[in-house]
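Taking the form predicted alone, here's one chain by itself in structure tokens.
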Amino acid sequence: MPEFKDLIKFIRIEVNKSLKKIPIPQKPKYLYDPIRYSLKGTGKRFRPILVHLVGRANNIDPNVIMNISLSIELLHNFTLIHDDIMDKDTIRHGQKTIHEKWDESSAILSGDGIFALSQIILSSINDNSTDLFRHFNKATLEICEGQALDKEFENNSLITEKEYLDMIDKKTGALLSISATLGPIYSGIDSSYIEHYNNFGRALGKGFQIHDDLLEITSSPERMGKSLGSDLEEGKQTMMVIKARTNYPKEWDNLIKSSNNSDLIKNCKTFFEDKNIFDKTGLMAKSYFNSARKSLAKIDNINTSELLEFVNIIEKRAF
């Protein structure tokens, strides 16, 4: 395990070095200063790390894998910048969000610029480029659909667990899916194996997002490196909220109506603890992490030990 943690640290360092080497012009400053600022954040780089681990398992050219991982990390940053505007978040990766440091117009434009950079980097890969672009842009559209559903679901007390799971499959699962599949797609392996990688990434994404919803309440801004509590304040339908209002409708309604913004998070946290909703939600996340492991077990042509270790890290993360 210590050796694997060293590997993860090494990949993260190399990805950060490569992000810094992306040629970004000096002018116009209105566009490029926020882009540089965004890319210097201390992100966990889970998605590019996954790309590299899949690449290692399949003996794919490290230079190709690095370009795929950078394009996916840039896509991720693009979505975060725009999400932060919509969710009114003020901290991301341990620093002020772009719209908080500059303004919304700067943030929108820099997000667009980062997405263009992701396309430029992906275009440097010659083999199977058509398939790579098709899956990459299909995932981008899925992520946009997921964010749209997330916004539509706000303050909607009719949203079901299934609808929530469909939403996070698009918003989070799609990005982890291409993190797991673009390398194998580049290498031209059998489509049945691509589907196993896709199922692995999507199950991992669902487990990741449900666990992230838990950390949104149970962790701290300092540990998470982002502002917390905005989901509850914006009326987002997380799995915990859905379980609370479905199983305890009157009590939950009274809690929401009687809580001021200043004590909403504290009151919800107490409610989730008293009703064992934290435990039930945690078990649901665990079931998806186990599904990810089952998908890996079907990929019998590679050594999946590092990918299994990665699932363990994601499942046990506290930030």
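Throughout, we count residues from 1 along the sequence that is shown. Just so we're clear, the structure is a prediction, and the values are computed from it rather than from any experiment.
Same protein, other form: the form predicted together with another copy of the chain, not shown, and the subject of what follows.
**Student:** Flag K266 as yes or no: does it have a non-hydrogen atom within 4.5 angstroms of any non-hydrogen atom of another copy of the chain in the predicted bound form?
**Tutor:** Answer no; every heavy atom of K266 is more than 4.5 Å from another copy of the chain in the predicted bound form.
**Student:** In the predicted bound form, does F278 have a heavy atom within 4.5 Å of another copy of the chain?
**Tutor:** Contact with another copy of the chain, no.
**Student:** When the contact criterion is heavy atoms within 4.5 Å, does I185 count as touching another copy of the chain in the predicted bound form?
**Tutor:** Judged by the heavy-atom cut-off of 4.5 Å, I185 is well away from another copy of the chain in the predicted bound form.
**Student:** Test of understanding: in the predicted bound form, would N137 fall inside 4.5 Å of another copy of the chain by heavy atoms?
**Tutor:** N137: contacts another copy of the chain in the predicted bound form.
**Student:** Which residue among T160, S191, S129, N156 has a heavy atom within 4.5 angstroms of another copy of the chain in the predicted bound form?
**Tutor:** Contact check passes for S129.
**Student:** Could you work out which of L165, L109, I91, L215 is the residue within 4.5 angstroms of another copy of the chain in the predicted bound form, going by heavy atoms?
**Tutor:** Only one option qualifies, and that one is L109.
**Student:** Three residues, K29, F115 and L141; all within 4.5 Å of another copy of the chain in the predicted bound form via heavy atoms?
**Tutor:** Each of the three qualifies.
**Student:** Just to confirm the contact call: exactly one of 76 to 84, 242 to 250, 174 to 182, 207 to 215 touches another copy of the chain in the predicted bound form at a 4.5 Å heavy atom cutoff, so which is it?
**Tutor:** Result of the contact check: 76 to 84.
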